[in-house]
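The form predicted alone is given below as one chain in structure tokens.
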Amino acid sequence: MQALPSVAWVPAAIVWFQLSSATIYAVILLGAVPSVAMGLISGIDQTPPLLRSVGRVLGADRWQMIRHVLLPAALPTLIAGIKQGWAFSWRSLMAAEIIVHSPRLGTGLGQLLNQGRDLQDMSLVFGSVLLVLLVGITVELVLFAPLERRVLRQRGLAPSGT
């Protein structure tokens, strides 16, 4: 699924859900889920065998092993997968908004970008591109950077002052 751009699902999502919010949600989810799943699976696969052994020695059952050993060990790669999923979803949303026009869906940044193209208004095009970039950077700085720092600090992988 990762090899298929999620924007390729836009026509199918329109057929399945008509021009509705569900169409947008489907495209966003199809962009994010493979990255998040790969991050989680990769993190679990990279869990050191010693941690699993310690969990077994301490008597952890299957659910305790998942909750207290595997998920915490997989957290850094899971966060990376969520971050990548966000980026793919954001790109997919912009592309879907450029492809699909409907007043029922409201006006988004992708539609604003497309409107600039239709009007041959380069200031609107560049302004829209800058807004798309600004949203992406803001999400990175406000959401992901502090979360990553916190997780790394908890694991002793980053200085406590950062």
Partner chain sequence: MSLATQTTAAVSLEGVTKSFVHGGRRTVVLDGIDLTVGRGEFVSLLGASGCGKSTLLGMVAGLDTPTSGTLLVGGGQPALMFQEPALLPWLTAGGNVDLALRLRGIPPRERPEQVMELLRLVRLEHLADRRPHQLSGGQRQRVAMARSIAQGSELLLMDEPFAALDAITRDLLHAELIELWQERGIAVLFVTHNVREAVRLGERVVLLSSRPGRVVREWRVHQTQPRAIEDPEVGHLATEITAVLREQITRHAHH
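Numbering follows the first chain given and starts at 1. All of these numbers come straight from a predicted model, not from anything done at the bench.
Just so you know, the form predicted together with its partner chain exists too; it's not on screen, but the next bit is about it.
Novice: May I ask you to state whether R117 is within 4.5 Å of its partner chain in the model of the complex, using heavy atom distances?
Specialist: Judged by the heavy-atom cut-off of 4.5 Å, R117 is well away from its partner chain in the model of the complex.
Novice: Just to confirm, R149 within 4.5 Å of its partner chain in the model of the complex by heavy atoms?
Specialist: Contact check for R149: no, nothing within 4.5 Å of its partner chain in the model of the complex.
Novice: Consider Q18 of the chain shown here, and say whether it contacts its partner chain in the model of the complex, taking contact as heavy atoms within 4.5 Å.
Specialist: So Q18 does not count as contacting its partner chain.
Novice: When the contact criterion is heavy atoms within 4.5 Å, does I28 count as touching its partner chain in the model of the complex?
Specialist: Taking the distances in the model of the complex, the answer for I28 is no, it never comes within 4.5 Å of its partner chain.
Novice: Within 4.5 Å, heavy atoms only, which of V54, L131, I41, I99 is in contact with its partner chain in the model of the complex?
Specialist: Only one listed residue qualifies here, and that residue is V54.
Novice: Using a 4.5 Å cut on heavy atoms, which of V135, L105, A37, L58 is close to its partner chain in the model of the complex?
Specialist: Checking each option against its partner chain in the model of the complex, the one that comes within 4.5 Å is L58.
Novice: Just one of 29 to 37, 58 to 66, 90 to 98, 118 to 126 has residues with a heavy atom within 4.5 Å of its partner chain in the model of the complex, so point it out.
Specialist: It is the stretch 58 to 66.
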